[in-house]
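First, one chain by itself: the form predicted alone, in structure tokens.
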Amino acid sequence: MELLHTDTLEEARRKLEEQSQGLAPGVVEIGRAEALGCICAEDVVSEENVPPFPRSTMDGYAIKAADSYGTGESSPGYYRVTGHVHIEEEADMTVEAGEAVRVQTGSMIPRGADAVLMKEYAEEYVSGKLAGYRAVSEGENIIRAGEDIRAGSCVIFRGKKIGPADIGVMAALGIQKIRVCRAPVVTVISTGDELAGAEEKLMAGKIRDINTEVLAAEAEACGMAVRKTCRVPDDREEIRNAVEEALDKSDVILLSGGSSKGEKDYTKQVFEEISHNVFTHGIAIKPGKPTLLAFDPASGTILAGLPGHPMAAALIFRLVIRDWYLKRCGAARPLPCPAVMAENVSSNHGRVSCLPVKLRMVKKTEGSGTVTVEAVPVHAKSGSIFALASADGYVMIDRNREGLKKGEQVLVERLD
């Protein structure tokens, strides 16, 4: 039997990046409401201040802070009330020494005022006359023009995944459209005579197809657009037909199963016939060793043959395809979570191990308040989908290590 010639994970990533250099990520302009979850393609710079004018953060009275110095409950300060600025109005007056103007939360601060005395510390003892029972400092209870967002500042950086708060920033600035990285179009193909649909009643020898659903969900979760999913038997011609049908309509084809060296493993043969460019057949990683990567120059399509085991397929998608997509868009990888190992774990020397873990917070000393995060290994075979669903993340164990020790510090790549 021909043995797999494995690449390291770094070699497989580098080869994929090199082979797909001509496959530009592309940029599209979309409306603000559609941008959630997309990756920003260029820096977004504010053209205005937020807020555009100084505003009160409290109901009360706009005054000159210096007029309140030395005042208190036993020695109030006295002010002349010269006006009222409602929240929707422009403040067209000026506050002079010894004067106060009524304001609401959100009201524009009139010229000359530099603080707001809260209503709770003030009393209009007669019409137009105010007693203040508290000193305020300059800027107190005021948000200045541009204090939230300053004109000329970058508010969304290139490569940032756009979240709900970014949508709010665009709304605050009146930004209607944004340029984002075009989502790669993905086709997911699962192979196997034994596979049945989730809606089907299982017969002897059959198992439900997991990979189609998992890989489509993984692709959509990282911002890709799933064009089609399908399931085909272990038949070379049917597999080839499914791949050929997807070539001109997809940037990425994910084909799970049939990537090893078994009797019915046709993925490498099909990829070679179509692309003549299989550059990785095997990655020195556990789980996920029988991974195939190819690039078809004619259609500009990445062909990824992923393991048939669900956990392995999902993790290899994240480690290779998702990693490639984030790099192409200039996106930063999510920050890992520091933790300590909860127990000793052995590893396969010579290849990287991807260990699913569950995170738990532990008080180290009773009553001290000291808390640490422990990474608890989720022990399972690569065919387990529930183990992956139970995990909060995974730890990469270096290929030159024989394992990890209890209490050792590790970085956990989050799965959410």
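Quantities reported herein were computed from a predicted structural model and do not represent experimental measurements. Throughout, we count residues from 1 along the sequence that is shown.
Only in words, not in the display: the form predicted in complex with a small molecule, which the text now covers.
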Of the candidate stretches 151-159, 269-277, 120-128, 305-313, the one with residues having heavy atoms within 4.5 Å of the small molecule in the predicted complex is 305-313
Ok, Met108, Val180, Ala135, Ile210: which has a heavy atom sitting within 4.5 Å of the small molecule in the predicted complex? Ile210
Using heavy atoms only and a 4.5 Å cut-off, determine which of Asp114, Asp296, Asp265, Asp166 is in contact with the small molecule in the predicted complex. Asp265
Examine Ala216 and determine whether its closest non-hydrogen atom to the small molecule in the predicted complex is within 4.5 angstroms. no
Should Thr301 be counted as a contact of the small molecule in the predicted complex, where contact means heavy atoms within 4.5 Å? no
Leu195 versus the small molecule, in the predicted complex: is there a non-hydrogen atom within 4.5 Å? yes
Classify Ser190 as contacting or not contacting the small molecule in the predicted complex by the rule of any non-hydrogen atom within 4.5 angstroms, answering yes or no. yes
